[in-house]
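In the block that follows, a single chain appears as structure tokens, in the form predicted on its own.
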């Protein structure tokens, strides 16, 4: 697969996304979920059978169902035994998901939940930042990735159903989560803890590359070259209109920290934290009136730009590959 080749959207089958595991750190959660669902259906069947006997059964069956022995077995012994077994087995099944299983050899990424988007900081083996991105996480296939999860404002929750369970992101604390993808693909995630405002529109994607493609992607994270043509006018507008006060574009004077890093925004698959496809049209629409697309987000509308200026800005941002 070349760097330009499209990555498969997913390898999902007929299963719902939350039950279609795609890595070793989601498989135990999926297995546990299937056992609980199956057990729930079995117990529901038992309850319905008991209710049917209670309503329509013979006097002899009703007497046996309401006897002291049946109550001790069904109301006490059965739930105690079943829940104890489920607890012990569930802890054993998910034991390797804990931070104690971290070896120190994993690729590391810091993800910070914001209202209502995601900062992504790629780290080296010593925990030092190498470069930044936003709303999109790239990982190599077949390798565990250790995520340092933090929150900048309120509690968020990081959840990529096909790659791992949920993990809360709490202000002032770093929680750790291991993820791994077994096949190339684009795996969708979502903030799973209500965080106010447009919480439901706080999504992201995890893009899993074959190792050689990931190495090429990583090598291309250098500052983007200077803008040319109409994009050059867009660069001037970006620097003079206040955009640079909130956003960083490495290799340019823009060094704002309030909003997402836009150094490589043109290469991302989506805008607005996963709510829009990324193209020049949606870029222009987002700049003109992001509040109409994602009400409550922290970027103001820029009604002062005319159509030609919006196209120039979109050309500039789309060229940031």
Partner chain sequence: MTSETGFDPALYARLPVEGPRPEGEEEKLCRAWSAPKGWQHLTEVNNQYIGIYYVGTAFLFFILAGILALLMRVQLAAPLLDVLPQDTYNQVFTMHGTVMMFLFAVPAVEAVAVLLLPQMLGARDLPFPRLSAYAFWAYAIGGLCFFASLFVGLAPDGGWFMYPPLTSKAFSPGINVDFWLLGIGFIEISAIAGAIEIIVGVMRTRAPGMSLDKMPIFAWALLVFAVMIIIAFPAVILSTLLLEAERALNWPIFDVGRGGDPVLWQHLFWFFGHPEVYIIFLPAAGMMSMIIPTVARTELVGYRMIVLAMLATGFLSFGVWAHHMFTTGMPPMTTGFFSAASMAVSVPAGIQVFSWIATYATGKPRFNAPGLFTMGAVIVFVTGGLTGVMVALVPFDWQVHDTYFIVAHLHYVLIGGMVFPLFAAFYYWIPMSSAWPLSERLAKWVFTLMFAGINIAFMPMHFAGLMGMPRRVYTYLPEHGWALPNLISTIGAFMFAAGVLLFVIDLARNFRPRPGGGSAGNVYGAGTLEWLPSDLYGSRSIPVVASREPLWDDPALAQNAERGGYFLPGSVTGYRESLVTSPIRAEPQYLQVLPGRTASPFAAALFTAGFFLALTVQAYTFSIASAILALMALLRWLWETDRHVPLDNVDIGGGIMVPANVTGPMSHGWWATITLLIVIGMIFSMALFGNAFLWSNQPAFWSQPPAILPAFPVLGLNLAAVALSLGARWILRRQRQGWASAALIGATALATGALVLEHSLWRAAGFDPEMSAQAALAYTLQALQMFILVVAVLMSFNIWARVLRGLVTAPTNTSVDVAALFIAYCGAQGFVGSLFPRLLGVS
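The model shown is predicted, which means the values in this text are computed figures rather than measured ones. Positions refer to the first chain, counted from 1.
Keep in mind the form predicted together with the partner chain is missing from the figure; the text below concerns it.
Using a 4.5 Å cutoff between non-hydrogen atoms, residue 280 does not count as a contact of the partner chain in the predicted complex. The partner chain in the predicted complex is not approached by residue 249, whose heavy atoms all lie more than 4.5 angstroms from it. Taking the partner from elsewhere, residue 244 is found to have every heavy atom lying beyond 4.5 Å of the partner chain in the predicted complex. At the 4.5 Å threshold, heavy atoms of residue 44 reach the partner chain in the predicted complex.
Contact with the partner chain in the predicted complex, judged by any heavy atom within 4.5 Å, is made by just one of 274, 259, 285, 266: 274. Contact annotation: the partner chain lies within 4.5 Å of heavy atoms from the stretch 79-87 in the predicted complex, the single such stretch among 121-129, 233-241, 178-186, 79-87.
Interface residues of 24-56, taken as those with a heavy atom within 4.5 Å of the partner chain in the predicted complex (partner not displayed): 26, 29, 32, 33, 36, 37, 40, 43, 44, 47, 48, 50, 51, 54, 55, 56, in sequence order.
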